[in-house]
Ligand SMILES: Cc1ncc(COP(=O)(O)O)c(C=O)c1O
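The form predicted alone is given below as one chain in structure tokens.
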Amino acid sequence: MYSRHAPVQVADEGTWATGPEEIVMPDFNSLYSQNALNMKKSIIRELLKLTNKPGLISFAGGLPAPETFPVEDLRVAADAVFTKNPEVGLQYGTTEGDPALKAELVKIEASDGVKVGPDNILVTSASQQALDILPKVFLDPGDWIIAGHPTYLGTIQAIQSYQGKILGVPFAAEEDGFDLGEMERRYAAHRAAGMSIKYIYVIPDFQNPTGICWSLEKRQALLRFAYRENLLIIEDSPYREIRFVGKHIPSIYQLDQEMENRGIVVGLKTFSKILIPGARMGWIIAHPELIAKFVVAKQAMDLCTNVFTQRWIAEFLATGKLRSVIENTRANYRAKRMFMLEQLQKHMPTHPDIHWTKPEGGLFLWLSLPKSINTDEMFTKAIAKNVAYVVGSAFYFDDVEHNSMRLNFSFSSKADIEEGIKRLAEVVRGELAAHPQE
């Protein structure tokens, strides 16, 4: 029975004391769908709640450097939406995306060697919405996708939310992409067992969380495998443009156009890492038939992406200044990446099982420790030393490994990088002493 009296104190769990009557809370769990019950909290988001303490240096988030944001140019672009066509920018828009923005996106893709038109593009609320659209469209409960082991946490969440499963493929020792031989073996075993596998998810440029970059040969080999097995490839490229060192490599989308042009690659893009994350603006490129299906899925989500923001970003892109923003970001992250590598080399204990990746771009590197060290358990000790990271276990969905961590180098200053790595190395030394190799 529900009382009109305001609650005056908390009674037993599941009830409120309200004076003359008690309100018994319903069993919400019995109401949740199976999809809802499969949803998991973002470990990264939960860990970040622990990092809001004075003096803490955090390498945990995937935050771009605020000093790279073109604040004044973006302000001018926002003003232009109000002065030019406010009746458009403040109104509903099409699900497919604002025509002015899509015209600019066609130019961006062309500059990367990809030939697309407006019908190949769907504007999304950053790439996370795209990651949710894909399993919504392609997966039935129990269907599988192929992904790296480890892979991006947001993808794991999206797949699990639709009752999908992930066939993990380890990366090659050369750090140039999947171990393709192992992928072939695992795929064949799953198909022989009657498993339905729908698509391959990859982040070929500076993978999250490891930071590795796929070679041209591995990209071509993956395409040939997908052609043979009739699989889609989802190419997630949030920071493809942020390359500091090494040779530019064509995207898998471009390679498909140059090889057999079957249209089996779906590209995911975002402005979150190459311009600003707060706009929450991204896009999908794909065959028009796939785009049409994605549009229907998106209509049930939000009708259309924020129209004002679309017009705002389109106004900025029309100035041609995105290229200078990207160049500035590259220079900024190149310096921070090099500095973090130097500090790791200087401060981390020398041990045959301690090593880290040396990314050619992006925002992250991957630090691996001896198997005897559990970075989940070590996390609270790091917080006590006022330094934070993301536990490596967050990026696994099966055969979870606990001896690694992801470090972000884009957000912190050099001074914080130096001090933070010193603190982290001190924690690692303590763990080595407490958990010697068996």
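This structure is a prediction, so every number in the text was calculated from the model and none was measured. The first residue of the sequence shown is number 1, and the count goes up from there.
The protein also exists as the form predicted in complex with the named molecule; that form is not presented, and the subsequent description refers to it.
With a 4.5 Å cutoff on heavy atoms, Lys336 does not count as touching the named molecule in the predicted bound form; it lies far away.
Contact check for Phe171: no non-hydrogen atom falls within 4.5 Å of the named molecule in the predicted bound form. Shown alone here, Pro238 lies within 4.5 Å of the named molecule in the predicted bound form, counting heavy atoms only.
Although the partner is absent here, Tyr152 is a contact residue: one of its heavy atoms lies within 4.5 angstroms of the named molecule in the predicted bound form. Across the proposed site, Gln343, His347 and Ala425 without exception lack any heavy atom within 4.5 Å of the named molecule in the predicted bound form. The stretch among 180-188, 267-275, 162-170, 221-229 whose residues place heavy atoms within 4.5 Å of the named molecule in the predicted bound form is 267-275. Site annotation in the predicted bound form: the residue of Val325, Leu367, Ala126, Val81 reaching within 4.5 Å of the named molecule with a heavy atom is Ala126. Residue-level contacts in the predicted bound form: of Leu131, Ile146, Cys213, Leu101, one residue has a heavy atom within 4.5 Å of the named molecule, and it is Leu131. Using a 4.5 Å cut-off on any heavy atom, none of the residues of 87-115 reaches the named molecule in the predicted bound form.
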